[in-house]
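This document starts with one chain, in the form predicted on its own, laid out as structure tokens.
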């Protein structure tokens, strides 16, 4: 794979991530192993001071990772222009065996870093800092996953052979094949039922203020939302029953609607899942419940708009 300016930019940011994350990892390791709140020594004081540096670095990485994820998808889309057969980012992701694991890993790390930000924010609210060790222990796990992500990213881009023919999104997400994915995506009625059903359960758990249940249901909701988007709602965005690509909706031809859908889904499920794992003040619990349901509801309204508007314009379903 030749180095395009976009890939080179990603490599440079990866190096910066690796450099700063290694410093934060080293400090987190020292804090996790050496910090003892009950001791009043110079070493404990030094560790507390270093924790501010580590936290600043981790926050910096997270706030850069969000636009970099968007830029990563943009880069995949741009590279598709030089791969024979590829029509969008889906062809690039499928060009090597590392594409799909990398995409899943990037999304997982976004949730993990977002959760770290929440943990740090809650920890800093109280003088006793009850999550002090836990947040740096979490970052050690996040660092390992970030390291795997960076290595996988470099391997994936370097493994792409621009002389090979790759499948386009129409072939990858075809429901007429006999693959497991095709079989799953062909169950569009079941997936749409699960999608609306899981949202109704979300709303019920919201009314009952069942935090743990609400968090678990958000995990279910994000999975079902993505599958139903590919199998059903996406076809109405494209107005083509055979087009199931989750990437083409990120393009200008579709008014970049995919970015809005994924951002709303991310924020809605992130606020929801975070309710299940931490203790918050009453006011914060209410805020997170409200934000989660609001973003998830906006996502639901947006994806529902396309099949409904198509039906009213054409009088038939796809």
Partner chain sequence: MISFNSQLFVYALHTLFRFFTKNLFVVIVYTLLVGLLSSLFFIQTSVKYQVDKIAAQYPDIVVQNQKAQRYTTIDDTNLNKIYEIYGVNDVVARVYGEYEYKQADLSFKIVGVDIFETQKEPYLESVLKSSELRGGEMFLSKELAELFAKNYYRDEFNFLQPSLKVKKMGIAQSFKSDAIDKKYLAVMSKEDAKEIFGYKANEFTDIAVYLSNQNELMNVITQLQQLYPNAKMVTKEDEQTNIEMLFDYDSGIFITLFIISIFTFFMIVYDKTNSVSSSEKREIGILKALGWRVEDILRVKIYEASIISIFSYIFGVVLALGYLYFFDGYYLRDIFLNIAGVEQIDSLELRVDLQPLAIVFFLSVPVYIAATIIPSWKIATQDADEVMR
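Residue numbers count along the first chain shown, from 1. Please read all numbers here as calculations on a predicted model, not as lab measurements.
Omitted from view is the form predicted together with its partner chain, to which the following refers.
Trainee: Counting only heavy atoms and a 4.5 Å cutoff, which of 217-225, 196-204, 115-123, 89-97 contacts its partner chain in the predicted bound form?
Mentor: Comparing against its partner chain in the predicted bound form, the contact stretch is 115-123.
Trainee: Assess the spot marked by 192, 212 and 233: is its partner chain within 4.5 Å of a heavy atom from every one of these residues in the predicted bound form?
Mentor: Result no, not one residue of the spot touches its partner chain.
Trainee: Taking 4.5 Å between heavy atoms as the contact cutoff, choose which of 254, 45, 26, 277 touches its partner chain in the predicted bound form.
Mentor: It is 45.
Trainee: Heavy atoms within 4.5 Å of its partner chain in the predicted bound form: does residue 74 have any?
Mentor: Heavy-atom contact with its partner chain at 4.5 Å: present for residue 74.
Trainee: Although its partner chain is absent from this view, report whether residue 264 comes within 4.5 Å of it in the predicted bound form, heavy atoms only.
Mentor: Close contact is absent here: in the predicted bound form, residue 264 is far from its partner chain, nothing within 4.5 Å, heavy atoms only.
Trainee: Residue-level question: is residue 53 within 4.5 Å of its partner chain in the predicted bound form, judged on heavy atoms?
Mentor: So residue 53 counts as contacting its partner chain.
Trainee: Is residue 260 part of the interface with its partner chain in the predicted bound form - any heavy atom within 4.5 Å?
Mentor: Judged by the heavy-atom cut-off of 4.5 Å, residue 260 is well away from its partner chain in the predicted bound form.
Trainee: Does any residue in 195-209 get within 4.5 Å of its partner chain in the predicted bound form, counting heavy atoms only, and if so which ones?
Mentor: Read in sequence order, no residue approaches its partner chain (within 4.5 Å, in the predicted bound form).
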